[in-house]
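Same chain, two versions here, written out as structure tokens and called structure 1 and structure 2.
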Structure 1
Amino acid sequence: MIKVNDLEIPTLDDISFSGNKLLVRIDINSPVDPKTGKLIDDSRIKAYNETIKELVNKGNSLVLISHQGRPGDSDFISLEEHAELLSKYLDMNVEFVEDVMGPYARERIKNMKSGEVILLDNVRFVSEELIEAPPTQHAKSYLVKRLSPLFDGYVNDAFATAHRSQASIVGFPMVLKSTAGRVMEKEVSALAKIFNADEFPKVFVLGGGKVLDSIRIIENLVKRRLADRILTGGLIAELFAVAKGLDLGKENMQILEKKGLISLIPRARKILLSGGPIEIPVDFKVEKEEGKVAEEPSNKVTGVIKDIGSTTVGIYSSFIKDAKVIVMRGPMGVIEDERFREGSKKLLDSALESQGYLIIGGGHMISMLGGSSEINPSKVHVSTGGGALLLFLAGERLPALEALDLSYKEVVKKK
């Protein structure tokens, strides 16, 4: 059982399924080449090997359900190729069913044999799946009413969709014995460390260009006193530097203005005045005329800021090495340019070398790992949560977790 705040999330260790027919919600929504309509990244598809194999080895038959894209977008396609890739990585047949809840799909599910695995077509072909509504309302949807009588249980293994209150995510737990799968379990267990009072000091390293998202996260961390240090880089560091009264020069102010960030300065200033443990760079690596790179103190910036400076790297690294929990979201600089990757890379190295537990979120920081096979999963968690991770850090409740908690209390405990 995973406890997060006041929620109890059951896992496959709490509710054991054996010889059952199960509906398993996964998230294999993947990038698609708009020209060919083919998948260009299958990392999410590979992630479900553990959950699926474990359930199949216990004699269960599985019906997998997922979405792909949104109506009107170029990546809104069938899941036929996804089924082929699942078959490849699982080394077992995953049958594609070109239907979601119609007569053909229901008949195929009724006739499934032990150990069989099928993948239904894109659940967003069903218009109900695009509606955000409470679990009790979704429990009455046609999707849930037509499919749920065919199953003995429901497994939600799609953390990346946990922030969506849609039928396939929150409706089925209201009527079926439900649990988190192994992918969901790993995500939630890792993030639960953020709220564990015994795990401190906690250091958050926040950078990148999504400044409004970072402000929301920082406001929640400060309000709930979850962070011992918040180390800033990227545009969020520039915003707090200006809020603190530093003059970053005309060019950097123009960049902040162009990106519509000037209006966030009062919010940043309010966080600083509240005593938030915000650290801003003491120096920056900047780009000057004719592409010249230099390091300048944060109170005497003349070039365009592109990374944190070496002194800041040293200070931030010392905080990271003493931390018990480290959360890294967003790079410190413009990592697309090799000249400005050093700050992010050195902080990531410090986190990997530390004795603390590291949570990495966001595509840019994940890309810095470079597909390393030396990462210790007991010490490092790479989150694929995207929007779900963001909302979790920003203190918002995740409907999928609430539905699993409610299901455990209402459907399991009362039986």
Structure 2
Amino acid sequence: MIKVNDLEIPTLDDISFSGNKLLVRIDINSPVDPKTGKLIDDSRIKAYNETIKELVNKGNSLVLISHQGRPGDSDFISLEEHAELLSKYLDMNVEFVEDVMGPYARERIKNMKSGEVILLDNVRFVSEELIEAPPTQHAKSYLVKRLSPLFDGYVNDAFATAHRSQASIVGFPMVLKSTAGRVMEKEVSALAKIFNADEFPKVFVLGGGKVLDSIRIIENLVKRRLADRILTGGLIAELFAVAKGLDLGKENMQILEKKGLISLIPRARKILLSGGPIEIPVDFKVEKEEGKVAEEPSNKVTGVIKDIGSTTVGIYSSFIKDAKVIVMRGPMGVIEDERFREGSKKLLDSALESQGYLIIGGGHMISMLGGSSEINPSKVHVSTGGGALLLFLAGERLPALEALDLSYKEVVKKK
């Protein structure tokens, strides 16, 4: 059992599945090249080998289920390429089923033979999956009602989605015998051990595009006084810069507005006014007319912000080098474009060179590691999670863990 605060979460050692048909929730949501629609990193696809092989070796047949991107974004794509890569890394056939809960998927699941593995299509093609709701409500969703009768059990290995109260995460545990998979187990046990609240300075490097998540994370970190410094990059840096009163120019404001981020300015301002240890870039790398790249001080920005500038890289690196614990999530810039990878790459190098312990997460940031074999596991924890990782470290309860705990009490023990 994994014990987290008052939660007790069963693992594959506590509920031994063999010869069963299992629904396995994984998170293979990966960075996508917006130009080609192809995956640009496969770290998360490789992560589930142990769980999948262990379950297959015990004669189970597996239906893998995952999301990819969010509706409206360029990375909201089908999982066909993911199935090819899963087959390659597992060295076994993972059949792609271009359906989630329709008659074709259900018929295919009914006819599965022992040891077979299939991957359903992007679960966010089902609109119910996008609703954040309590487990009891999701247990009544069509997704759960249509799929759960076909299975003997449910395994949640999607640590990276553990902070979402969505149907494929919290609905199935209410009706099926459920456990955490090996990735979930390792992440939760390792993070509970390595994150020592008494070790400081702790430096958080937070970038990327999921600004609402980041604001929630920062509010938690500040409230619990867990961070000595929070170094911002990506869109989160832009939001804090505006909240501080900097004029980032019309184009950047339009981008923030288009992404619906203007309404978050008061929350960012409140964090700054409450003394949150937020660092804002002193310069940015920007793209100007005809694709020209330039560096501009934060108070004189005219181009579109695409990365942090070199002076900021120097300042941030010195904070990182002095830290005892470094947590990195979300890139400093638009890393899909080679010209704007430098900020993230240099901070990552500083973190790897530092004496501090590095916890790094989030699909885009771990892609910067490029599968590096030189990572010292006693000094670095590479997490499959980004937002889930940070919220867990900040002490928030994760819906996926709560649902597995509840499932053990209500579904397993009462049977």
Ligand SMILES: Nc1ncnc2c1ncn2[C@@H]1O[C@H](COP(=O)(O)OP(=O)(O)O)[C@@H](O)[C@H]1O
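The first residue in the sequence of structure 1 is number 1, and each one after it adds one. Quick caveat, the model's predicted, so the values are computed rather than measured.
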Either 1 or 2, the form predicted alone:
1
Hinge between rigid units, forms compared between structures 1 and 2, options Val126, Arg108, Ile194, Ser318, answer Ile194
Smaller rigid part, angle turned between structures 1 and 2 (C-alpha superposition) in °
38
